[in-house]
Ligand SMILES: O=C(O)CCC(=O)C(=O)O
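This document opens with one chain alone, in structure tokens, the form predicted on its own.
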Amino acid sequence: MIPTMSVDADVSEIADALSLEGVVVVTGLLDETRRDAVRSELAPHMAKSQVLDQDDPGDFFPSKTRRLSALVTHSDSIGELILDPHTQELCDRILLPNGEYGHQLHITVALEVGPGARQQILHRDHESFSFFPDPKPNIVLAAMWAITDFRADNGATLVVPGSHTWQKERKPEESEIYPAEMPAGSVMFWLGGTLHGAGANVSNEWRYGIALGYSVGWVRQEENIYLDVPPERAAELSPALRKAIGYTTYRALGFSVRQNVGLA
């Protein structure tokens, strides 16, 4: 099962559950006002996202979905989610043992799963780092913010608890796959080694989530944030957010002459 805890739970208990199961749901992190703000700011950009009607079962991304990246450029409110204290403390606990000089934002995606969308292929977020054998060390930590309710029938993310400890060849049984059902305002955290994927949407509603990934500071980010968030936009951000998106150095990695955007 997927452990579920309240926002009032001790962060150490949340981190312990996350380390044990590879996934945890925390309820009550994002109130309706802030959900509406994020959704409103992203709405004109989401409206331009192409929604494919024809589906190829072999494609990684199912049809009948909307996706938008570069969220830091498109929304001011998204910074609150990125710097959420619960998330940052979990990143410290999970990622700092393998990246003692800091962690960074890895990817930002807004995801709407529409009626009729099929189940996504189950996958792990750290597969790009093939240098490490499975099970890999904790290189990536991800968070899915529920902007709407996540239910089994509307495409709630499917997760395989415990799969972060498996060898790569190990395939999940159907009984080992669980939908991450959670009310709007909740967040599901999972490790880079945990198998997961969007569920099939057999309802008449669109399911909306914001996926934010984090990684140790010495790997290349999945999203090319330096193109998606150019220096002119980065200069408008708080120092904490600039640091989070990678506008800093990790030891000798990432130096630049652009000191005006807060490079350390």
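Given the structure is predicted, the values throughout are model-derived calculations rather than measurements. We number the residues from 1 along the sequence you see.
Another form exists, predicted together with the named molecule; not displayed. Remarks below refer to it.
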Complete contact of Arg118, Asp153 and Trp206 with the named molecule in the model of the complex (any heavy atom, 4.5 Å): no
Contacting member of Ile78, Leu111, Ala146, Ala143, with respect to the named molecule in the model of the complex [4.5 Å, heavy atom]: Leu111
Arg170 within 4.5 Å of the named molecule in the model of the complex, heavy atoms: no
Heavy atom of Ala198 within 4.5 Å of the named molecule in the model of the complex: yes
Stretch in contact in the model of the complex with the named molecule, which is absent here, among 42-50, 213-221, 22-30, 58-66 (heavy atoms within 4.5 Å): 58-66
Stretch 122-150: residues contacting the named molecule in the model of the complex, 4.5 Å heavy atom cut-off: His123, Asp125, Met144
